[in-house]
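We begin with a single chain expressed as structure tokens, specifically the form predicted on its own.
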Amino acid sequence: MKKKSTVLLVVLAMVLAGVFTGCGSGGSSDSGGEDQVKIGLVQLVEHPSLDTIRENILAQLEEEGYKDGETAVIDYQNAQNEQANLKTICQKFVSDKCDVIIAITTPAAQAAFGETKDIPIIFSAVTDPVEAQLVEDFNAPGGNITGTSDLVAADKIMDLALKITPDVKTIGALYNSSEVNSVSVVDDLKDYAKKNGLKVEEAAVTNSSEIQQAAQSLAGKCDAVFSPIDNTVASAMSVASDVFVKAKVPFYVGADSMVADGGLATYGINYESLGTETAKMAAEVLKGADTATMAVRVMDDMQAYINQKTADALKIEIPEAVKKDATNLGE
């Protein structure tokens, strides 16, 4: 009897060990070996720009030797644009003792940073991490968090806008007032407008259900409308772009995916490169690099993006000087 009891205890211990291995249940791994690193990957909401970042993060992590289910347990979670979900997800990553947390968007990074000052955090698509109070300085973050920025100055996009539609006098600003990066970029837009004799009309929203009404409001009093890299607007681009096309109002946006979804044009970064660079930083941290001294990386792979289909619907002729250097996402 004593021998049987000992065997049962050993089996029970092995089962329990299997239950408590890994970084959450969201990963696709079937097992959690000692050599596997635990990576928590959190995304605020699904839309093309963020999905592109995530896909390229995963691809580059595998390139770096961190393949989900083999050398890594990657727990991917989507918060569905709910702040409460972000908190719960990040708390789970901490309790699971992840080796690194990768957070896509500013709200996701803020949620992760609010839950741990010990586990390294690599953020992606955070426009201004200083303004978001995530790092002390772009070049010297100073804590357990660093990452990649999708910073694009509003003046670059507006310079492009005035090349395409030079008669614009009143520019609308459509954005979520609770997204700190959106507010920062709209402030830059106001500075640009003041210097260039333009008027800015604002329509701030708090969720995607308000997009249609806000867009209709701006369409009635603006020559053009601008949205920064705003997750709420990006997730409802089909609604916003439909309003502006019907009203024959050009809609300039902050990201290439927003152009692909019906915006007229932008000058921005390549989100595939952003995701790749984010994963490279995560790999460096997993190999011993210190987030406190790892500078935030700002992408310099930038160009103009246009949507020729939208331009045709608006009956706007894209100047050849713009078209020859731009990528057309409206085919």
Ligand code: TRP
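The model shown is predicted, which means the values in this text are computed figures rather than measured ones. In case it trips you up, residue 1 is the first one in the sequence shown, and so on.
A second form of this protein, the form predicted in complex with this ligand, is not displayed here; the remarks below concern that form.
So which stretch, 222-230, 157-165, 242-250, 83-91, is the one near this ligand in the predicted complex (non-hydrogen atoms, 4.5 Å)? Only one stretch passes the 4.5 Å heavy-atom test: 222-230.
I need to confirm a contact call. Of Ile102, Ala125, Ala215, Val73, which residue comes within 4.5 Å of this ligand in the predicted complex, counting heavy atoms only? So the residue touching this ligand in the predicted complex, by this definition, is Ala125.
Position in contact with this ligand when the complex is considered in the predicted complex, options Ala234, Leu189, Ile145, Ala203, heavy atoms within 4.5 Å: None of the others qualify; the residue that does is Ala234.
4.5 Å heavy atom contact, Thr278 and this ligand in the predicted complex: Thr278: no contact with this ligand in the predicted complex.
Any of the heavy atoms of Pro107 lying within 4.5 Å of this ligand in the predicted complex? Output for Pro107 is yes: heavy atoms within 4.5 Å of this ligand.
Would Ser49 sit within 4.5 Å of this ligand in the predicted complex, counting heavy atoms only? Looking in the predicted complex, residue contacts with this ligand include Ser49, since a heavy atom lies within 4.5 Å.
Does the 4.5 Å heavy atom contact test between Tyr271 and this ligand in the predicted complex come out positive? Judged by the heavy-atom cut-off of 4.5 Å, Tyr271 is in contact with this ligand in the predicted complex.
Using a 4.5 Å cut-off on any heavy atom, which residues of 167-191 would contact this ligand in the predicted complex? Just Asn181.
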